[in-house]
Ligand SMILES: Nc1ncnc2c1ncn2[C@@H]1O[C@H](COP(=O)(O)OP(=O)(O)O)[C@@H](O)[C@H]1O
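Read the single chain below, which is given as structure tokens and is the form predicted on its own.
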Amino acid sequence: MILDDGYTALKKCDCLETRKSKKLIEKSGLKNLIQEYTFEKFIAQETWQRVIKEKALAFVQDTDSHWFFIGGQVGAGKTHICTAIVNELMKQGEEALYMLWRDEIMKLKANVMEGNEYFQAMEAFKTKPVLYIDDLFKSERGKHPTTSDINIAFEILNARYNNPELTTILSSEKILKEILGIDEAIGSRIFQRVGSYMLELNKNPKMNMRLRERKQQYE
């Protein structure tokens, strides 16, 4: 931009924030979910759905809270609402990372002897400004998490617990009581950090929106 006095000044391109947001999405691992799993597309017809949405919207506006947990019933929109939260945080300029628990825990355990690859992955999970762990402690055929699973979860969550400025979003098919039964140290850290941003959904197939949508297709 040329000023009246003949000097040239640089001005931020209007598309800079859009490009930055796209770059954050690419790096987060949520590219394939971010378009579908938004607050606008989260169905909130039932009372319990409205509670989830209102709590999530309050969280993204609360600069004093950095942990969010939703656990319980399968298919009730846990991944959807957590992805919507992460999307909003990225719009605010936060760098985020998506961790699908079952996939990533298998990779970590496979690479534990590889040295650098394992430590680089763990460092990212422990230090990224926003981390979303999807389906914490989900295991093959509902088996109890292994000692290795628990140790890795503790290492990641304890590091983030000790750095209160980091934001941690957690979804799980387990409620807090079940997580406490797996490992009290992990469960108690989650409980302390999430504060009022804890949502637990009773196991109720009627809340499984995937089944409801499929049933409607055949009616």
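Don't overthink the numbering: it's just position in the shown sequence, from 1. On a predicted model such as this, the values are computed, not experimentally measured, just so you know.
Heads up, the form predicted in complex with the ligand isn't pictured, but that's what we're talking about next.
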{"item": "Site check Trp67, Lys126 and Asn158: each within 4.5 Å of the ligand in the model of the complex by heavy atom", "value": "no"}
{"item": "Option touching the ligand, based on a heavy atom within 4.5 Å in the model of the complex, out of Gln49, Ser188, Asn151, Gln35", "value": "Gln49"}
{"item": "Partner-facing stretch of 103-111, 142-150, 85-93, 72-80, counted where any non-hydrogen atom is within 4.5 angstroms of the ligand in the model of the complex", "value": "72-80"}
{"item": "4.5 Å heavy atom contact, Arg210 to the ligand in the model of the complex", "value": "yes"}
{"item": "Ile43 within 4.5 Å of the ligand in the model of the complex, heavy atoms", "value": "yes"}
